[in-house]
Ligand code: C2E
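A single chain, nothing else alongside it, follows as structure tokens in the form predicted alone.
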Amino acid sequence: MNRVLIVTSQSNDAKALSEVLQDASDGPYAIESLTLLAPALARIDSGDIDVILVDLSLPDSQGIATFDQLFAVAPQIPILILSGTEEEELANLAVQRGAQGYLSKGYFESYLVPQSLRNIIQRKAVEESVFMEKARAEITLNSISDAVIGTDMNGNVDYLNVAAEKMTGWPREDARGKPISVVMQIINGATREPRRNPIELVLEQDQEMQLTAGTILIRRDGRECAIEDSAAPIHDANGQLSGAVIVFHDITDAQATALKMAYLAQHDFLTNLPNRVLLNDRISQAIAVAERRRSHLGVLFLDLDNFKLINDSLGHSIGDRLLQSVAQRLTACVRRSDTVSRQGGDEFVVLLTEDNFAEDAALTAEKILTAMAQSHVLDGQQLLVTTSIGISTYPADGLNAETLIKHADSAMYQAKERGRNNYQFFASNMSNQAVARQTIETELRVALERHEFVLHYQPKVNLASGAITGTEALLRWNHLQLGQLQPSRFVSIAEDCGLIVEIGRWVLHEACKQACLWRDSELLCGPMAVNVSALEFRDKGFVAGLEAILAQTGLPASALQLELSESALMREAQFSSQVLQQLHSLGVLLAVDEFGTGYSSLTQLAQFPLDVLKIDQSFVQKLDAQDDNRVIVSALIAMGSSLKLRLVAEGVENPAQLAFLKGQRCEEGQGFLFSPPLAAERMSALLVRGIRPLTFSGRE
């Protein structure tokens, strides 16, 4: 039901209008009638009025002011003026100011009156709906982050949303009527040449257009941003082209993010060096160039020696910084055309392009070894880490990236086998060796679970009396296919793959358990000696783990002797001294193994709480061949005596060596002259019967 408010002081007019509306066939109408403007304004304010019929001459208001007051409070309600013939000019003025029309007095009884009201109400509803849709569209366009610019048929701007104002720097009123090329100035990001706006092409071709990639928007203040957009034509109700609209957005941050993601996908996060993905691509590209030019390439595979030792003992933070320092040195050793890549962990690969001869790769390898020989200073600590390098060349050692890297990796392991801190070129037989090494590494991981490890024991004897003074536990691996393996076949691999700590803990436990069995049987076995690798020694849980083993097995600490290589102790001597003091406090005996090979001085050794020095077998076994070795061994014995340490000569194999050592007052010896390493049962028998006379030169 439509509610009509009649505002007139002419009762006849009000009556006539009420009657015609009540009788209208297109009704019903609810009619209210007031004679004054003031109550009419109050009634309108309360709502529910659909149309107002008003006489501009009222007792409390006259003329156009009457309409102005009504329109001010109800601009959305249709207002019709009730006008006499003499008032038509005033009625037309009201129409110009917003009235929907006027009804002439004398015609109020016509059936056209209700029809006109119905049409006006419906038209106002449509206008309101259109207004709401337009307002909704305006709000929506101003709420989105994409910029929207509309133009007329001539390409002149007639609309900008808020985002477009911000992106272009042009307020809507300033931009209105200006060519799109002025408001939205765009250039080619690569060439910096102006680009034609897609709006102009849309207006010419009457079809959608996409902005070409790499487009830059020049803002009104001269700043730039990368944009993406699409432009489309606008058609009127008859389908005729009436303008165009372009929608675009800022992709500067998105481009930066994409570039960053692409960089991270191809570079190592820690060192910023190319990773294996980018390296493989560069090797492939370099191979294509080398094939055309008939030139050569070199691939160097590097693994840091003893990096795990530093990383585990000093922490991953120091380890990461050391890797960054290594990366900087490697980069400084090669040309700009070459590539240094981090493969992961402590492995690096260097691609040498335009190498004419294999000697070029060797020169680079030597340069790297020299650079790596210098210590790295981190947090006041001097850290020394060397590298083992394997080299493969194109086309001799492979025709693709995967093969070249694989063969360089095989050569690197050969460099490790030959003492580390050197380089080796790939040879065809290395592939088989690499496979064998990989097999050993794989099977090492389950050897403990399968109980394949076993300990053998070798006695130490007093050189003067021949009495057994101690035993040394020596690890063996009963491999299912390869038979019994010596430590030299697998210990370095266990160190490289991180298994040596677990294996070493097992060795300690088994050796202590066996020593307890002999002691319980009242066999005089002397202290049980166990070799400890550098990685074990620097493991954070080593001392606590040793205490737990002694507690579990019941072996007194004084019945255990730990043997560490001279080189392991001298590396990071301050750390070594701290751990040795903890072990000494437990009561464990401490020995330096391979004495004479680490170039330590009396001053350096004196700072450690040591009990025993073991002269390396490489000196002992040459006593009867070179006089120089006699001098060296004599000096080593003298050095040990001056430190008041017990001396043990390793590798004693014949009476001549024994005689010399006794003449130099070396106290103890160990070697095949006395006994080879024996299984626990045979060692038990030896402890019962003792060593045969020292003049015996054969082997048991």
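Start at 1 with the first residue shown and count on from there. Values in this document were obtained by computation on a predicted structure and should not be read as measured data.
Here the subject shifts to the form predicted together with this ligand, a form of this protein not shown in this document.
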(request) Could you work out which of S567, S242, Q617, T553 is the residue within 4.5 angstroms of this ligand in the predicted bound form, going by heavy atoms? (result) Q617
(request) Using heavy atoms only and a 4.5 Å cut-off, determine which of E653, D50, D68, E32 is in contact with this ligand in the predicted bound form. (result) E653
(request) Using a 4.5 Å heavy atom cut-off, indicate which stretch of 93 to 101, 481 to 489, 191 to 199, 251 to 259 touches this ligand in the predicted bound form. (result) 481 to 489
(message) Since the partner isn't included here, can you check whether this ligand sits close to all of E472, E536 and Q621 in the predicted bound form (heavy atom within 4.5 Å for each)?
(response) yes
(message) With a cut-off of 4.5 Å between heavy atoms, is R476 one of the residues that contacts this ligand in the predicted bound form?
(response) yes
(request) Although this ligand is absent from this view, report whether N531 comes within 4.5 Å of it in the predicted bound form, heavy atoms only. (result) yes
(request) Although this ligand is absent from this view, report whether S83 comes within 4.5 Å of it in the predicted bound form, heavy atoms only. (result) no
(message) I'd like to know if T271 sits close to this ligand in the predicted bound form, meaning any non-hydrogen atom pair within 4.5 angstroms.
(response) no
(message) Within 4.5 Å of this ligand in the predicted bound form, counting any non-hydrogen atom, which residues from 500 to 520 show up?
(response) I500, V507
